[in-house]
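Single chain ahead, written as C-alpha cells, the form predicted on its own.
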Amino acid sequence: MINISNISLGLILGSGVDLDENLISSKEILMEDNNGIHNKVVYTCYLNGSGLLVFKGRQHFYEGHSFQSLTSGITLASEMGVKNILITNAAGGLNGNFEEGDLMLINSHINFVDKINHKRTSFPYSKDLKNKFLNVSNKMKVKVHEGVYGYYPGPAYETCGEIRYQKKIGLDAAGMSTIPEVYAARELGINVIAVSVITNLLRENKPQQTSHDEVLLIANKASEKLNSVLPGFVSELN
C-alpha cells in the first residue's frame, strides 16, 4: 500500500487515454464505478519509484452531474495531500497544424458552460509544471503543441458553423471536460496543468462524422506519447 505522503502526482485520464501497465507497480484500486456513460476507476500506484493517484474516466455536465460531483476527484486528491495534478482529455482539433493523435498543452481556455460557480483566476495553469512537461517532452522527442481550449457542455459534436466560429475566436481545440477540475484544483492550492489529446480534426469544409468509439481508439493510441513523457515528468517533481 502506498503511503499517501509519497504521492507525487495526481493524474486524470480522459476518454480513451490510458496509463501503460508496464510502467507502474503496486497498483491498488480504491474505487470502481461502472454507472453512467464512462467507467470510472481510482487507484494508486508507483511509477519510477514515485507514488501516483490515478483517476481513469470522469463524469460530465451532460450526464446531469453537479460541479461538486465533477470535481470530487480533486477533493479526494487534496485530502490525500496531492500537490500536483496533470489532467488529460480527448478533444477536437481546430488548429490547422494539428493532426489526429497530437498532444496539446492547454495554456488558456474559454469556458462556454454557465453552470460553474467558482472563484475564477486568470492564470490557473502552473508555469513550473508546464515548463517541466515541455522540457521532458523535448528530451523524449515528443511534439507537444500549446493552445487555447474551448470548454462546452456537450454531448453533441460541432456543426460547420460552430467550427467556423470557434476558429474565429482563436480556439485551438474543443472538448467537454477538464475546466471544472482545473478551477477546483487551483481553489484547493494544487498546482495543475492540462493536456488535450487531439482525437478528431474539426474542419468546416470537411465535416467529420466522428463516433465515440473512434475517439477512444485514437486517444488510446496517442497515450503512447503521453506514457513516454510521464516517467521523466514525475522524476522532475521529486
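Start at 1 and count along the sequence shown; that's the residue number. This one's a predicted model, so the numbers in the text were calculated from it and none came from an experiment.
Although it is not shown, the form predicted in complex with a small molecule is what the next lines describe.
A.B. asks: Evaluate V182 for contact with the small molecule in the model of the complex, applying a 4.5 angstroms cut-off between non-hydrogen atoms, and reply yes or no.
C.D. replies: Although the small molecule is absent here, V182 would stay clear of it in the model of the complex, with no heavy atoms inside 4.5 Å.
A.B. asks: Can E158 be called a contact residue for the small molecule in the model of the complex at 4.5 Å between heavy atoms?
C.D. replies: So E158 counts as contacting the small molecule.
A.B. asks: Heavy atoms within 4.5 Å of the small molecule in the model of the complex: does L13 have any?
C.D. replies: Output for L13 is no: heavy atoms all beyond 4.5 Å of the small molecule.
A.B. asks: Classify I74 as contacting or not contacting the small molecule in the model of the complex by the rule of any non-hydrogen atom within 4.5 angstroms, answering yes or no.
C.D. replies: Output for I74 is no: heavy atoms all beyond 4.5 Å of the small molecule.
A.B. asks: Mind telling me which stretch in 104 to 112, 90 to 98, 124 to 132, 76 to 84 gets its heavy atoms within 4.5 Å of the small molecule in the model of the complex?
C.D. replies: Residues of 90 to 98 come within 4.5 Å of the partner.
A.B. asks: Kindly confirm or deny that I7, S26 and L53 each have some heavy atom within 4.5 angstroms of the small molecule in the model of the complex.
C.D. replies: None of them does, since no heavy atom lies within 4.5 Å of the partner.
A.B. asks: Just to confirm, with a 4.5 Å cut-off on non-hydrogen atoms, which of T44, N200, Q59, N191 contacts the small molecule in the model of the complex?
C.D. replies: Answer to the contact question: N200.
A.B. asks: Which of these residues, V215, A222, V229, L19, gets a heavy atom within 4.5 Å of the small molecule in the model of the complex?
C.D. replies: Checking each option against the small molecule in the model of the complex, the one that comes within 4.5 Å is V215.
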